[in-house]
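Take a look at this one chain, the form predicted on its own, written out in structure tokens.
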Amino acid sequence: MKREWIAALCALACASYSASAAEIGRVKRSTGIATIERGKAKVPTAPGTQLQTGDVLVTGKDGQIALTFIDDTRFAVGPNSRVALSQFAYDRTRQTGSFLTDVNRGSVAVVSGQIAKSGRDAMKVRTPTALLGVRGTRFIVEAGK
């Protein structure tokens, strides 16, 4: 009985870890000073680096990062930026989901993908002073100038 409980707890822990560490996108290009803050760790940005929910993208004075998400949303993070990928959920079968990005400072250019097309307010971008609902379009957000 005790072994079964331990096995069940291990299975649950593994399932929780894989769900929280699921890939939501990848870095396509990176130049200058650019890092991904993942918890307390700093992950270098290079083409192919996987992104996870909760990652914070930080660029320096000369830094830029281009990203593609699994729903085909594309981001271009500009210099001196701090952008958090706060929430991301996407069902590939139904092509629906939700996406919340926090632009704390700097800029991000966005070409929205399937999530923005899946429903009203499915994709949101929050700045220190505003919350934007995205309906499927291209736009640039600048914050903290």
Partner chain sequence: MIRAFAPLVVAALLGGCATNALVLLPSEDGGQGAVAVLDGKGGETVVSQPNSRTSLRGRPTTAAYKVKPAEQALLDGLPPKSARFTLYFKEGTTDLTPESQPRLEELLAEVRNRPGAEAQVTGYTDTLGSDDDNDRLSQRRAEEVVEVLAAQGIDTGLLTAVGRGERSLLVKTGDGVREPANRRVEVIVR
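Positions refer to the first chain, counted from 1. All figures in this text were calculated on a predicted structure; none of them were measured in a lab.
Same protein, other form: the form predicted in complex with the partner chain, not shown, and the subject of what follows.
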The partner chain contact at G54 in the model of the complex, heavy atom, 4.5 Å: no
Wondering, does R120 line up within 4.5 Å of the partner chain in the model of the complex on heavy atoms? yes
Contact with the partner chain in the model of the complex for Q64, defined as at least one heavy atom pair within 4.5 Å: yes or no? yes
Can you work out whether F88 and the partner chain are in contact in the model of the complex, taking contact to mean some heavy atom pair no more than 4.5 Å apart? no
